[in-house]
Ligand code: BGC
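One chain comes next, on its own, written out as C-alpha cells in the form predicted alone.
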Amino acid sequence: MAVRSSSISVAVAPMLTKLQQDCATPLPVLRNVADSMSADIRAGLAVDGGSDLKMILSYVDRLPTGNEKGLFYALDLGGTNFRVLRVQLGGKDERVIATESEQVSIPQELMSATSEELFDFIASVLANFAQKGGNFHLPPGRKGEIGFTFSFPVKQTSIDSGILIKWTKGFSVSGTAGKDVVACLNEAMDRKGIDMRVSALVNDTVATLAGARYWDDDVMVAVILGTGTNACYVERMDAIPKLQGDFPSSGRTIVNLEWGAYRKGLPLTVFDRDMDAASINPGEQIFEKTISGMYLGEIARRALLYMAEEGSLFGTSVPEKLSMPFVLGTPDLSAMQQDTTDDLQTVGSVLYDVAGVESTLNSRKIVLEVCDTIVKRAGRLAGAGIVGILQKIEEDTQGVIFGKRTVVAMDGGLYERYSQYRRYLKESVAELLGPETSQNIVIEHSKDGSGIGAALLAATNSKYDRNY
C-alpha cells in the first residue's frame, strides 16, 4: 500500500539531505584528494610500503611508437573468461593490418585444479587459435611472441617474469603461488609443442596505456573504471627513488598505482562504512569501494533500504528483495538515470523488476536523487584522482603536462556506459585545473583497451630486431 506522496517527502527529505551532505564534493574536498593522491604517489615511489599506493613498477620501458611490424599475440587472463588475440602490425604506414580474437570460458573445475592443468588448458586454446591461418604470417625462424595480461596479484621481477602472490576472483589453483606465472605458461606451451614465448607480462591498466599510446604519443595516463578500478602513468626513472641500478636508455617506465587502495579525505556515509564492514576486505580498497562499478549500486541500495525502513519511502511495507546485498547493480542506476519519461516509467520498472518495489512518482524522484548523489560523488572523486596523478608529473617536469596537450586514456564499462558518471568526472577535472589548463587535458575512451596493448608490448619487447 502506498502512502500519500506529500508524507513521503516530509519523512525522507532530511534523510536525503543528510546523504547529499555526507557525499558532497565541493572544490576544497576535491583539491584535498588530488593533493593527497600526489603525496601518496611520491611516498610510494620513495620506498615499498611508503603509502597506501603500492606504486608497482611494470618494467615496461619501451612504449609503442607505431613502427612495430610483424605478428604478435595477446593472452588476457583476468577472471572466469580469458581471451586470446593476435594482431598483424605493418609499421607507421599500415599500422594494424588485421586483428582477430577469441574468448573462452574457463571450466569451473579448472578454477580449483592444479597449476599444470590450468596452464595446459590455456596453452591448448592458444595452440588451436594459432593454427587458424588467415591474414597472419610469422616470418620463418621466428617464435610467436605473446603479451600476457594477468590480472591477479603478482610480484613482477622483470618485463617477462612475475611471481604469483595469491589467486583471487574465485580461483584456488594449487601449486602456483610463489611461482613465476610466465614460466608456468612457457612450460605448458613446451608440453604442448607450441613454439611460442611470453615476451611481456603486464596488468590490464598498463596494457590499456600501451594500446592508447600506439595511436597517440600524448597519452601519459591510463585509468580503468569498470567493476574495479586502477590507474597507471608514464614516469621518469630518475623520479623513482626505490628503483636502484642502471636505467635503460629510454629513462621512462610505466608505474601501476593500484589506486583502489587510496583512502585519504574521502567523504564517506554510514552506508559506505556498513558496506565496507560487511565486505570480504574490511578497511581495504576504500577508493575503489567509493568510485567503482562493483559498489555504487550497493551503496544506493543501502541508502534506499534505510529510507524505506525509517521513512516509509515505498509505503508501509519494505520489499524483502531490497534487503538482499548487491541486488541493485550499477547498470540499474545507469538505466534509471537515463529515464526521460514524465512518469519515470523506467525507474518504476527497474525498481519493480530488480527489488520488487512498488513506487509512486514521488518516490521515484527520490530514488533518482539518491542515484545521482552517489554517482556524482564517485565521478568527481575519480576526476580528483586523475588530477592528483597529473599534478605529480607536472611538479617534477614543469610545463610538460599542463603546458601542452596531454591525454588520459580511459577504459572500462562504468566509464564507457554511464554518461552521468563521465560528465561528473570531466567536470571535476575542469574545476580543479581551471578553464585554461583543462583545455590541454584530453580525457578519451581508449580505442583498443588492453587486448591490443598487450600484443603491442610483446612487439616493443621482442627479442628479435626492433629496428624496423
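What you see is a predicted model, and the numbers here were worked out from it, not measured in a lab. So that the term is clear: the rigid core is the largest set of C-alpha atoms that superpose within 1.5 Å between two forms. When you see a residue number, it is the position in the sequence shown, counting from 1.
The protein also exists as the form predicted in complex with this ligand; that form is not presented, and the subsequent description refers to it.
Listed stretches are 148-156, 302-310, 329-337, 84-92; the contact stretch with this ligand in the model of the complex is 148-156, by a heavy atom cutoff of 4.5 Å. Residue in contact with this ligand in the model of the complex (any heavy atom within 4.5 Å), chosen from Gln285, Thr269, Ser199, Ser359: Gln285. When this ligand is considered in the model of the complex, only one residue from Asp204, Asp160, Glu235, Glu298 comes within 4.5 Å through any heavy atom, namely Asp204. For Thr229, a non-hydrogen atom is located within 4.5 Å of this ligand in the model of the complex, even though that partner is not displayed.
Within 4.5 Å of any heavy atom of this ligand in the model of the complex lies no heavy atom of Lys242. Among residues of the shown chain, Arg142 is not one whose heavy atoms approach this ligand to within 4.5 Å in the model of the complex. Contact check for Thr168: a heavy atom falls within 4.5 Å of this ligand in the model of the complex. Relative to the superposed rigid core, the position of the CA of Phe150 differs between this form and the one not shown by 2 Å or more. Relative to the superposed rigid core, Leu164 undergoes a CA displacement of at least 2 Å between this form and the one not shown.
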